[in-house]
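Listed next as structure tokens is one chain, alone, in the form predicted on its own.
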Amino acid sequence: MSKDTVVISIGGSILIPDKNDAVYIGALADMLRRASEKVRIAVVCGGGKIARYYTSTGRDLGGSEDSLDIMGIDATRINAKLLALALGDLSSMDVRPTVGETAEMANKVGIAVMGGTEPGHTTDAVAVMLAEEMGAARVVNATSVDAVYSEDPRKNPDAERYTEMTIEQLGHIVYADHGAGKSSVFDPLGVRIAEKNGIDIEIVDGRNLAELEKAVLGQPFSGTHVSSRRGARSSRSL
């Protein structure tokens, strides 16, 4: 029986938070190895603080949005190489730069790993594109918050927390102006692609490896399940 396929979008701020990076990345690789025995996995790595540094500095120097995006993409690919290094033979240090090449690589290695692709596409959007290419029914977004909230919970402690919602409801939260280096709980383009292709999105705290593993395996987890199916239940807060 063939394995289910899941694509993980892991934020760069989760991979490289400036503390215990090697310890965390090693533990993440161990978890992915275990999970890959039960599900087919591909991972898209974000740029995080490193990418934001270059895009912010480049903007101050007068760089165009395309040139800033390219620097950010370079950062995501460096992060992807770090994770591929931790996975060893199960992945590939030749981290593919396109969705098509990564989907093809997934048939040859245990876990496919990639970074960004081209200006205008965040790694969240790339993850959904890769899910479409690989026939995955869901994308797990390993991020710096533990769920979707009505507002940024770091700015408003009274923000409403959602355990489940529809893709349309997520769209209402994330549709906002985006430029190179900006971020939200999920990229608007990724939401649109997921809605069009019937791909569910699951939001989970990427540093909580126990909950992340549950989400990857399709088990109940602490976070937010976003259903792309019409007629799905509306949002419910904790």
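In case it trips you up, residue 1 is the first one in the sequence shown, and so on. Note that the structure is predicted; figures quoted are calculated from it, not measured.
Beyond what is shown, the protein has a form predicted together with a small molecule; the following relates to that form.
Contact check for G48: a non-hydrogen atom falls within 4.5 Å of the small molecule in the model of the complex.
Contact annotation for G223: none of its heavy atoms lies within 4.5 Å of the small molecule in the model of the complex. Among residues of the shown chain, D69 is one whose heavy atoms approach the small molecule to within 4.5 Å in the model of the complex. By the criterion of a heavy atom within 4.5 Å, L130 is excluded from the residues contacting the small molecule in the model of the complex. The partner is absent here, but in the model of the complex a heavy atom of P119, alone among P119, G100, G135, G88, sits within 4.5 Å of the small molecule. Note that among 149-157, 163-171, 72-80, 103-111, the stretch whose heavy atoms approach the small molecule to within 4.5 Å in the model of the complex is 72-80.
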